[in-house]
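Quick heads-up: it's one chain on its own, the form predicted on its own, in structure tokens.
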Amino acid sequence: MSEILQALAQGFLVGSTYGMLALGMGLVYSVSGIVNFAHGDFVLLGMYLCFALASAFALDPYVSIFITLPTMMAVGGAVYYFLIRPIAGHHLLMVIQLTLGVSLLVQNGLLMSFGGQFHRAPSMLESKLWLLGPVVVRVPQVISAAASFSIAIGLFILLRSTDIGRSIRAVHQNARAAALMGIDVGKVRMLTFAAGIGLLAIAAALLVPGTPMHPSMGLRYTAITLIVVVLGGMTNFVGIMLAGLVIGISESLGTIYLSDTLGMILPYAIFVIIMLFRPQGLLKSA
């Protein structure tokens, strides 16, 4: 029983982080219809920014958010304005190829700047543990889970109760009608893309404590994020968080109760099975 509780707790905490990673992609897709295949590499970029600030100024990753968040938002806005905007509306394959190209640029840029070895950014909370009965949890993972659900709730309130949120929803529902109503569709899309990349800066700072980083890890984060977004219903934030928990818990249970190979493929097998019976995802698109 203690093993099951530990696996469920670990899966819940990890899955909530997966959900937060996927919120950025879901937000961008909901407005522009763009699937960013450089998503995981932007996560790594945020992690390496935390590492650079820790190395140069001894900043804790949680403190460095105040620098990495505006930096990553600026990078996201620039990438959209100068690279994605000119080809938006063209064939989907062109956008996919572009984001894959950005992925390679980020990956190789990190490789040239930081080398091919693994790095870690220390944090004052990295080794802190909480004992909850028979369950042991890492404090950084608890902070990450709390932040993930807080961000998801904040996004829900933003989209439902603010003028900016209504503009985003209008562009999502019908971009041409939104433009006729006086909404600057291009500006909304650029700001949304920047916000999606900004979310990754927060996710990166929360992932860094205790997580070794390598320039080649971006593909794994992209793959997990895509699975969570599709499983959650693409634009349904509640579904995305729920899908993150499903993937995180299945990954944790598979690691404990199955062999290494089977444990690694269990989340993907569950994804395929759910898609066979619910191709629209766990929850319908919002």
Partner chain sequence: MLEVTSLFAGYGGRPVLEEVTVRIEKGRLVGLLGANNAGKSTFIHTLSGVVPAMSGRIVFEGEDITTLSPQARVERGIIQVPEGRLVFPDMTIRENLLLGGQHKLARPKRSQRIDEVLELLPRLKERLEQKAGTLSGGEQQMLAIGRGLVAGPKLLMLDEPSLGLAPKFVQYIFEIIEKLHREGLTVLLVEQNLNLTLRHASYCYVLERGRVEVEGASSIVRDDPRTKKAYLGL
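Positions refer to the first chain, counted from 1. This structure is a prediction, so every number in the text was calculated from the model and none was measured.
One more form of this protein exists, namely the form predicted together with its partner chain; it is left out here, but the text below deals with it.
By the criterion of a heavy atom within 4.5 Å, residue 133 is excluded from the residues contacting its partner chain in the predicted bound form. Shown alone here, residue 166 lies within 4.5 Å of its partner chain in the predicted bound form, counting heavy atoms only. Shown alone here, residue 112 lies farther than 4.5 Å from its partner chain in the predicted bound form, counting heavy atoms only. Using a 4.5 Å cutoff between non-hydrogen atoms, residue 176 counts as a contact of its partner chain in the predicted bound form. 180 is the sole member of 129, 74, 180, 146 with a non-hydrogen atom lying within 4.5 angstroms of its partner chain in the predicted bound form.
Only one of 83, 142, 100, 170 lies close to its partner chain in the predicted bound form, with a heavy atom inside 4.5 Å, and it is 170.
In plain terms, the part of the chain that comes close to its partner chain in the predicted bound form, with a heavy atom within 4.5 Å, is 180-188 out of 103-111, 148-156, 200-208, 180-188.
In the predicted bound form, 160 is the single residue of 135-162 with at least one heavy atom within 4.5 Å of its partner chain.
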